[in-house]
Ligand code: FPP
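What follows is one chain in structure tokens, specifically the form predicted alone.
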Amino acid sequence: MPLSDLISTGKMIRARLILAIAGTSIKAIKLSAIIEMIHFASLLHDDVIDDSDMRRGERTVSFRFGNKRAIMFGDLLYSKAYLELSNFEDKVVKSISSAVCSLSLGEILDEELSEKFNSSSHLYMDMIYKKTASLIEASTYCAGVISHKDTDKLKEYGKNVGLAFQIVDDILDITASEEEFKKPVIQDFKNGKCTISYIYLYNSCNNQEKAFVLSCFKKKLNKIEGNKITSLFEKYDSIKYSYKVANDLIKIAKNNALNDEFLISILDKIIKRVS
């Protein structure tokens, strides 16, 4: 079976950012491929951990071929990525290696936070930095290294792109239709994931409302419960608050985008998904 039949490429935002920053040299293309292999390997393992049967509107590899093959395929991609990475300069190797460690720590933290209701936005932001933003941060930093551009600004840019991207994704889990989002919506809370909208909602509620929110945690909501949660989101402007958090991160990223029109356009596309 061709590899393209197994892999749904998605937006390839990391590769697109690398090529926008570093151009289309062989080195930049190889770096993009390494990052995408690492990213897809992490998704393969993530789907096994989350017992997911759908991703980007397609059946997951673990659903189609079993967890063992999905894990081994992920390991193969990691190994190939590191083999190719060994040809790069130390700064690039260390940055990407550190990001891969962060990915694993983020996955562990995500699992730990899902065991009970998390009301800490600090823990949530730390988790999404490790699990999502760290690899995007490494991508833009390494693109700066190989193209001799301002790596400090590009690192800050990538970090805030990653954080905003994940927050927007979490908002869409609440607000988007299943057809639009390419996966079942309102799944995060059912799966024990307290995203920024739920955290802000809980911390805004009175005691009676807090008890109700807790009663819905890790539960498939019926129509009455779903409507009540929706009304609480509206009462406390939780979605609006989450959008503001994402937008503030976008503004920081824009200040570090080196006045590059494409890098700025990526930011506008991220925030327009929920605006």
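Residue numbers run from 1 along the displayed sequence. It should be emphasised that the depicted structure is a prediction, and the values quoted were computed from it without experimental measurement.
Unshown form predicted in complex with farnesyl diphosphate; subsequent notes refer to it.
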So farnesyl diphosphate isn't shown here. In the predicted bound form, which residue out of Y78, F117, F88, Y129 has a non-hydrogen atom within 4.5 Å of it?
Y78
Can you pick the one in V61, A41, L249, I35 that has a heavy atom within 4.5 Å of farnesyl diphosphate in the predicted bound form?
A41
Can you tell me which of 196-204, 130-138, 90-98, 155-163 lies within 4.5 Å of farnesyl diphosphate in the predicted bound form, counting heavy atoms only?
130-138
Might L103 be said to contact farnesyl diphosphate in the predicted bound form, defining contact as any heavy atom within 4.5 Å?
yes
Does R55 reach farnesyl diphosphate in the predicted bound form if we count a contact as any heavy atom within 4.5 Å?
yes
Consider D46 of the chain shown here, and say whether it contacts farnesyl diphosphate in the predicted bound form, taking contact as heavy atoms within 4.5 Å.
yes
Partner proximity in the predicted bound form: D50 to farnesyl diphosphate, non-hydrogen atom cutoff 4.5 Å
yes
Go through 213-228 residue by residue and record those having a heavy atom within 4.5 Å of farnesyl diphosphate in the predicted bound form; state none if no residue qualifies.
none
